[in-house]
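Next comes just one chain, in structure tokens: the form predicted on its own.
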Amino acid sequence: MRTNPYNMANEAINKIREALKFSPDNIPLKLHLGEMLLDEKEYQEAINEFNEVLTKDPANEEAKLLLAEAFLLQGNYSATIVIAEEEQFKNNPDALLLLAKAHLRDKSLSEAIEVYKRVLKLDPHYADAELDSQLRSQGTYNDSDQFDEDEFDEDATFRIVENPGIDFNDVGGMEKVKREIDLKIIQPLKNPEIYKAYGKKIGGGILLYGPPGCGKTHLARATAGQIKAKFINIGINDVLDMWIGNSEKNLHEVFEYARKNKPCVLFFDEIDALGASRSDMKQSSGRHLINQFLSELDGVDGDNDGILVLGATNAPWHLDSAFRRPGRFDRIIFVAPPDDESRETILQLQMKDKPKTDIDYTLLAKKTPDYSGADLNAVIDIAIESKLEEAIKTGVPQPLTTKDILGAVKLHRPSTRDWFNSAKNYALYANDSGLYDDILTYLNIKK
């Protein structure tokens, strides 16, 4: 016949009570009794024992921590917080852990996060299943990733504001894209009365998509320079945070800062990482971030008039469809690899301050079909490297020639072809709205 564990625990508790009758001031024995009562979920009795210890020894840290734990288990979170916030426990991980759990169970999420951060600062390898599962955005970052708690304080945010110093004259080619941006962004700022007469807001959003290295970021900077506006470049690491709720907070603060610095261009690179389709997400934290992003674009909590939102992505098919609603990214522009004329202009811009002689830019442009701006820059770097050894020997920089650059072209293949191999499938088989028709036009494919 089995022995009932509950009866065994009860018997042990009774024996300790009997022992305490002969030694009522035995503090270690009373603490042990209190812990046994906690194990048996006799929370009020445990609290009574710990309070008796503190009556005899008011500074006893072990009794205080056990009392805080008993209050936590009992559901008296405010009492736990009062004890765990005492000055003597400010660097005590055990006390801070109880404090974080009390805030969490009391629905004070931000306070729980801040306290748990203090625990991890004291012990970076610490882990708690309850806090990790409810406070961290699972799957967003590895535990080893580090974050700056003051990432978006006033000084830090100011550092991401730039005056680009370039305009459309510094962008080779892309005339169609520049015309669309001019109509959507630049002209409203130059002629606000005309646009307002038609009920059109100054601002809005444009999504730039296309293969990597084709100048989406450069074009965004030039747009800000063209209208002499501030340029705020936001990467995914400026927003995403391992703590639940912090990513949404970071995104809100970015938009709030933009609202205080109108007119400005707010540029989100790799925007698909922030606004991936909610139907593909398993974690609710990602869906909350997208909802926050949509709310900010709609100007629910502030006036977006004068904020020009540009997004860039290599994979628009991964972006949640809600971003394409009017008033958000309602203009979606394909940024194709530069054509012959554009490549010629890009090469001239990239060779502007380099030693050179007899460069046939027209020939080079014809020999580099499908090359992106980044590819052309890589070709020039390869050509320069071939000249460096000779220049080092003579001590005199050797000018680049057309032959040098053509030789480099043979060593570097265009990086855009892999992108088009993937994009073609979306354009052919997931393009009911005609969103990706520009890809088919570029590839000379009839649907």
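Just so it is clear, the model here is predicted, and its values are computed rather than measured. When you see a residue number, it is the position in the sequence shown, counting from 1.
Same protein, other form: the form predicted together with a small molecule, not shown, and the subject of what follows.
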{"item": "Exercise: residue 86 in contact with the small molecule in the predicted bound form, heavy atom 4.5 Å", "value": "no"}
{"item": "In the predicted bound form, residue 172 touching the small molecule (heavy atom, 4.5 Å)", "value": "yes"}
{"item": "Touches the small molecule in the predicted bound form: residue 218 (any heavy atom, 4.5 Å)", "value": "yes"}
{"item": "Contact label in the predicted bound form: residue 350 to the small molecule, heavy atom within 4.5 Å", "value": "yes"}
{"item": "316, 319 and 422 all contacting the small molecule in the predicted bound form, non-hydrogen atom within 4.5 Å", "value": "no"}
{"item": "Position in contact with the small molecule when the complex is considered in the predicted bound form, options 374, 359, 79, 333, heavy atoms within 4.5 Å", "value": "374"}
{"item": "Single option in 124, 369, 212, 75 placed near the small molecule in the predicted bound form, where near means a heavy atom within 4.5 Å", "value": "212"}
{"item": "Interface stretch in the predicted bound form with the small molecule - options 359-367, 297-305, 98-106, 163-171, non-hydrogen atom within 4.5 Å", "value": "163-171"}
